[in-house]
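The chain below stands alone and is given in structure tokens; this is the form predicted on its own.
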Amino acid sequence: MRKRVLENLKSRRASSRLHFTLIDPNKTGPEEALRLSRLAAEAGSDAILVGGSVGVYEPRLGEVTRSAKKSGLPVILFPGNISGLTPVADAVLFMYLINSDNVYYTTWAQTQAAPVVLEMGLEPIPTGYIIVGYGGAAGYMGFARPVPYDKPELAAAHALAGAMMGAQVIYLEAGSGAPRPVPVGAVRLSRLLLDRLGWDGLLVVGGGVRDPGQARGLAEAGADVLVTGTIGEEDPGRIPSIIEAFKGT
């Protein structure tokens, strides 16, 4: 089984913050995925996430993933369900949705997926996934109770719990197309508690980031990784300035 992606990303984080570009195969075909992933690589993105909450299936998933890999960046699956797996990728965010009311999204889906991930030879990256505020399709489909925007202490407690349960990635998610990103207060307090724990994973933030100012704020609050998806679909020309703002802070 491949075990290099997370280690390499952590090594890169030692010298710079990271950016991931999200491609949803339900919205993006292979040709567009190739164009977006190459643009992302040129702009300084560090990895491509491939996945979505609805309508992800083979063979399209594999075709989109194969196209994204031509960028030269590692391709990590971001599955909304067991249907979001393909052996074409390099790794998978092996996620449990910490604030889901449905046990399927905390243990059952993972139990179903584990043998498949092993047989596919994917590198599993243990990930604690937390829906904040808007939540979007991910929150709706995952039966999440989104952490309120104005309760940073709850977001931080979820993040700390995920780290204590062994997650190497803590992912604070506002949802695809969210009207606003995860609040900087939630990121800042999560960073504080994770540092007190001595945790050495990656704090990832995604959803709702549309301009360099928002990206800069999340960097200053302590995010290690910024994920953007919708902005790449709507206006990919804005990706470079967002990456520059996040990494340059």
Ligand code: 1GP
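Note that residue numbering follows the sequence shown and begins at 1. Quantities reported herein were computed from a predicted structural model and do not represent experimental measurements.
Although not depicted, the form predicted in complex with ligand 1GP is the subject of the following passage.
Visitor: Which one of S71, S176, T86, T127 is close to ligand 1GP in the predicted complex, taking close to mean a heavy atom within 4.5 Å?
Guide: Of the listed residues, the single hit is S176.
Visitor: Which of 205-213, 185-193, 58-66, 38-46 has heavy atoms within 4.5 Å of ligand 1GP in the predicted complex?
Guide: Looking at the partner contacts, the answer comes out as 205-213.
Visitor: Taking 4.5 angstroms as the cut-off for heavy atoms, does L9 touch ligand 1GP in the predicted complex?
Guide: Residue-level check for L9: no, no contact with ligand 1GP.
Visitor: Do Y105 and ligand 1GP share at least one heavy atom pair within 4.5 Å in the predicted complex?
Guide: Y105: no contact with ligand 1GP in the predicted complex.
Visitor: Does P25 reach ligand 1GP in the predicted complex if we count a contact as any heavy atom within 4.5 Å?
Guide: So P25 does not count as contacting ligand 1GP.
Visitor: So in the predicted complex, is ligand 1GP close enough to V225 to count as touching (4.5 Å, heavy atoms)?
Guide: Judged by the heavy-atom cut-off of 4.5 Å, V225 is well away from ligand 1GP in the predicted complex.
Visitor: Pick out the residues of 62-90 whose heavy atoms come within 4.5 Å of ligand 1GP in the predicted complex.
Guide: Heavy-atom contacts to ligand 1GP in the predicted complex: only F78.
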